[in-house]
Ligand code: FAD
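Okay, here we've got a single chain as structure tokens, the form predicted on its own, with questions on binding and movement later.
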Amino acid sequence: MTKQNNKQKAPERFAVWFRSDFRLKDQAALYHAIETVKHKDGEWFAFFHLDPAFTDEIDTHHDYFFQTLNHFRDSCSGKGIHLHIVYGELTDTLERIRDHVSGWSTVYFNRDDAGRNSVRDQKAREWFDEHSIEYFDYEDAHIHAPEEIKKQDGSHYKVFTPYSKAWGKKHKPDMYNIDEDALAEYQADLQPIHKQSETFFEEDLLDRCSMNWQALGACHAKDRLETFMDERLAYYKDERDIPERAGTSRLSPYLKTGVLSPRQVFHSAAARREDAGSGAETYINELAWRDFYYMIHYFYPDSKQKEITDKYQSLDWNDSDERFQMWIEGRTGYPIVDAGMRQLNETGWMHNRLRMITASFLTKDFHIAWRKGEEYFQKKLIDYDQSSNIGGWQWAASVGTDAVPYFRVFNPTTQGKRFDPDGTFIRKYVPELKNVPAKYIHEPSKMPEGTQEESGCIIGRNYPEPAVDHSTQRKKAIAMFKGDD
């Protein structure tokens, strides 16, 4: 289609603000923007705000995010679409866009209702109102928004089981069918909004991203989704807790960065309910957990730093840097804990069962505040979702809503024996234990000296003694929660 150039007046232009929604399919804000642009015969442009707060230190989490952003930007370029990157404080960025793009009237974005980004969104809305920019925001990263599912009396749920029942009865949104041919056709012909920002991203920021990620982008996400749904969904309920097996979907990094939409994942699983049975139902329930923790974070905005359960906000946590470092490095002397932490440090991902085990160990065996663990996971997890991570940590520490009771303390040795009975996973990530007999793989400190020598693993030299006695620490943790002296 050829548009008539109007030299007197620029065409009306509509912006799509991308953030953690890096896809051109089933994307709420993009769909509504393109439909409006076609209806009004306007033009659209895409931008990403690069916040200086996230560019000083590149941890694993941000390495994956920025490389995913770059992959998406290249994919857009291949379709004739330019994703403008604008670096700076939020209001400065919006001012720069307004000054550069004539005719800009409206912006579309997928909102964040919880956490730091919800504050950013509110600040942006105030700026848009002040400068007469119309805005439309949408729920896109979750199936249901926090206010959508409430009790009959209008209050929010605090316990997952009744929430999940209400969630299951709620009509699920359909996927958005975006007119992809219109994306390039109606794109505004603009020079980069801020060339220096794009140069900084390309030549500085990406240069500091050192990881070699093998499966970025929509094509890999689609392949992984289809493989999981076709080959493993039916076995999900039975195999999801076994770290050595590919029993989980490994879709969480794609959901976090928005390469996949939760609607697509839900409908893919729901379509297989009859064939996959309890596996499909169990997996769909995990999507409900995502929405539940998002809702909880929305109603408890201070929960990143503050326990949701009031009576546990003054617990006397241990602040031992030495023990925290043992936990970080995976040298606690408890093999399943150490294997989980080393998997995280090496790959940027950790099996969900191990997230629970390592979190329980930090809080209930080392008695270190859950906040420190949550912040470390934030740095390392490529699928870091603030609401889910906070919810999971407060659950493990017994300080959140619907949390595990404080007197139920994971025994790391028992957990290892149950979910990695032969030590296959442990041997992969704790190689110093690779020749240890199965009899001792979960308690290597009990090996006789002769067995230690035969296996090439001398306790105290090649692998540490247990840093603490679990039985003793369990009693101390319970006493701490009870308020006993």
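This structure is a prediction, so every number in the text was calculated from the model and none was measured. We number the residues from 1 along the sequence you see.
Below: the form predicted together with ligand FAD, not depicted.
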item: Ala369 within 4.5 Å of ligand FAD in the model of the complex, heavy atoms; value: no
item: Non-hydrogen atom contact Leu287 with ligand FAD in the model of the complex at 4.5 angstroms; value: yes
item: 4.5 Å heavy atom contact, Arg250 to ligand FAD in the model of the complex; value: yes
item: Contact of Arg232 with ligand FAD in the model of the complex (heavy atom, 4.5 Å); value: no
item: Partner-facing stretch of 101-109, 313-321, 352-360, 71-79, counted where any non-hydrogen atom is within 4.5 angstroms of ligand FAD in the model of the complex; value: 352-360
item: In the model of the complex, the residue from Tyr376, Tyr157, Tyr236, Tyr300 that sits within 4.5 Å of ligand FAD by heavy atoms; value: Tyr236
item: Heavy atom within 4.5 Å of ligand FAD in the model of the complex - residue from Val409, Ile143, Leu255, Ala188; value: Leu255
item: In the model of the complex: members of 367-388 within 4.5 Å of ligand FAD, any heavy atom; value: Phe377, Leu381, Asp383, Tyr384, Asp385, Ser388
